[in-house]
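One chain follows as structure tokens, the form predicted on its own.
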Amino acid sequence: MPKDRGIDKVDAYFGDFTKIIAERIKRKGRVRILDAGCGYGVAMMGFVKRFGEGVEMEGYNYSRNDGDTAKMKEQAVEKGIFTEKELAKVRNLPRIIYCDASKRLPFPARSFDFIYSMASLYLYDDKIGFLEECNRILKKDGIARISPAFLGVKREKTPEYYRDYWEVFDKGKEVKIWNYANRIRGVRAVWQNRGNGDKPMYIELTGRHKIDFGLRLVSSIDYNFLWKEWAGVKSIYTTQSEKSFKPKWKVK
């Protein structure tokens, strides 16, 4: 997971996202934003620099090894976002917590105006479960833009046929995730470059009462268990319900 991506990458990956945030701040005065997989918190500090106290930033990592508050402050100074003197005066310093994002997120329902995730989804066992959790914690007028983990992280040592981090099967036929996502009400896939370069690439959610992808997680494969130098997790889904069939070959 690239841990030091800044707000410039948010602008590159998520289109007009920061413009929408700026308009919302102008209207509401303050918004709450989640950086899902925040790494060293460089992007979060960029938000604070750009929008001042108009933003309340919160981020999460899997563990402190991925980034903590001390590293966030250090990086903010090293990258010239703030001087040490300026940093000492920041009253809305972003908060970092630790959790496993493949499980239920530790946030109340309807608690964020905006959510973004640049480079962590490819590590999650249940990517659809994560998207559904994002919808749960989004406010009704909220927007989430999530980098879709489809060749977006370049791993030269991982075989090409393992660089797709999703498999979605509908009635026995594979459907590409960006096509499937665009079928779902409240979901939009923008994937202009298939992971090459800095053109917009995201799955967008707009806060709704419920988003149902109609998918069941069959299995997840952690590439690192196949070979120590490979990275990422492939999540395999089907539209076939467990209740609608009995496996023919399963030995009990």
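All residue numbers refer to positions in the sequence shown, first residue = 1. These numbers were taken from a predicted model, which means no experiment stands behind them.
What comes next is about the form predicted in complex with a small molecule, which is not displayed.
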Answer with one of Val77, Val90, Cys99, Val175: the residue that has a non-hydrogen atom within 4.5 Å of the small molecule in the predicted bound form.
Cys99
With the cut-off set at 4.5 Å between non-hydrogen atoms, does Ile81 touch the small molecule in the predicted bound form?
no
Looking at the partner-bound form in the predicted bound form, is Trp227 within 4.5 Å of the small molecule by any heavy atom?
no
Does the small molecule get within 4.5 angstroms of any non-hydrogen atom of Asp8 in the predicted bound form?
no
The small molecule contact in the predicted bound form: Tyr60, any heavy atom under 4.5 Å:
yes
For the chain seen here without its partner, which of 120-128, 161-169, 176-184, 133-141 has a heavy atom within 4.5 Å of the small molecule in the predicted bound form?
120-128
